[in-house]
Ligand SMILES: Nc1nc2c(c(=O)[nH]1)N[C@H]1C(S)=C(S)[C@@H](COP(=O)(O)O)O[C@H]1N2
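Here you get one chain, nothing else, as structure tokens; it is the form predicted on its own.
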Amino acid sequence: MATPRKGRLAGALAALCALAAGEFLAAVGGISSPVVAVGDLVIDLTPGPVIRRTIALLGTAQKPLLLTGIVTTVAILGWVVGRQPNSHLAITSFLAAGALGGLATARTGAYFGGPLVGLTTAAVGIFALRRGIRTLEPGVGDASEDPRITTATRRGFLGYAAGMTAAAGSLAAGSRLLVDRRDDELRSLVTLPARRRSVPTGRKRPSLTTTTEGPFRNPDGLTQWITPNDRFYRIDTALSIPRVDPKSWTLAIDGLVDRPLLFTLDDLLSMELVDAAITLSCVSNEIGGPLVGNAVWTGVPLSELLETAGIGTTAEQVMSRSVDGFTAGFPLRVLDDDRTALVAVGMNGEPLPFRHGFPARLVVAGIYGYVSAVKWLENISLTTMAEDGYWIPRGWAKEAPIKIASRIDVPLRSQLPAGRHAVAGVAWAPVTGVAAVELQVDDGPWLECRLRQEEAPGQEGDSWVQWFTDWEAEPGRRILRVRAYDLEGRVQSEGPKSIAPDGAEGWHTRRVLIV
């Protein structure tokens, strides 16, 4: 008979092979995998405060850890039922797991493919488990009486384990290759027009100068002014990135409008596109956190599309929907102050990456993404304020202006020798713009820093600035604090205030030992 330990291992391997088969079949069919679909279900059923806490603790690692947890849970289930692999419990467990994955996948819109993948996944798991157990059965005689039988059984099981591991790895790698190749093919269908204009500068801004003198240095560790696409933070509710075919994609504008409209991607690309540098920040970004980035976005001004549709007299809110059902809304009056708001089709000079919303998304300067930055956009509807987006019933504020904030990036180390050192970072105050950044050492006076904002398209206040100063560090434990002012004279709040319900506030602080 199979030993309990080897039976459990066979159960875990069978479960992992079944998951890999599900991933591969879903990739072939172009639908959500069972693992991802179950993860989406978990997110939808999780209370808002729990989600806020996990984002604050884990940041961009939240989704990978959730998916890893699901895979680990399935492997543990296989380990448990593998102790009695021939029991009804083992078969029932694999069927139940397959059914859950199939139904969760069907919930994403794959009404036929989801159940089929779930059933196939369960069948693969049951077959793999039975195959593993057969390698542990001596067949004739007692293994304890014939060492040759014991050796043959051990070799058979090791071969099975190696084969299942290789099969699971190959299926998982194959599914990843299929998805990546499909992504490249779809993005290659889109070419941004070479001729684009800068968004009009409707707001008058003074130049970014300070009373300090000397050149602006660029010390190691200072955040780049433009965030590369592959390093731009990603926080959203989608575990599986929607793969949208740009040839069949459409954007509907409806609701409280005079003329409901429907645009294809070619329609948008044929319009006069604009470029604008805009800083986006996640509402879950802690004081001094990394969930903020600056990019040059390319798209059609939202105001132009809404004017074409005709804004109804009772319209109060811009409510947008993603292809995966996510919704977000912000007050229509937000667009009354010459704010940059785009239906974006490009990011840093290339078509949007899939993870950032391909083929189109909303980018609105100065308000947090949970009420505006809908990726994989398919609908914009004008509504009254009575309608709520996804996050509002989960405890977040209805209106969400981005707070004045600043961050210390340099020095990188927490221990430095005495002497002259660079202190530098970034600061943002959308839509108003940053007027000044000040640094305080311990409880000393606030010292004004030099500012730099690169030449880029768009309105000056929509993007962050880099700041820098030289510091004569004296021995001891030192505390560095930073704060920013906007161009209307408002100073960054001392705080601290937690991220809920409308964003963190407070001065970023670094402690450095000078020796």
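Remember, it's a predicted structure, so these values are computed and weren't measured experimentally. Note that residue numbering follows the sequence shown and begins at 1.
There is also a form predicted in complex with the named molecule; it is not shown, and the following applies to it.
The candidate stretches are 99 to 107, 409 to 417, 423 to 431, 365 to 373, and the one lying within 4.5 Å of the named molecule in the predicted bound form by heavy atoms is 365 to 373. For the three marked residues, T237, D324 and H356, a heavy atom of each sits within 4.5 Å of the named molecule in the predicted bound form.
In the predicted bound form, at least one heavy atom of F232 sits within 4.5 Å of a heavy atom of the named molecule. In the predicted bound form, none of the heavy atoms of S381 sits within 4.5 Å of a heavy atom of the named molecule.
The closest heavy atom approach of C282 to the named molecule in the predicted bound form falls within 4.5 Å. Contact annotation for R361: at least one heavy atom lies within 4.5 Å of the named molecule in the predicted bound form.
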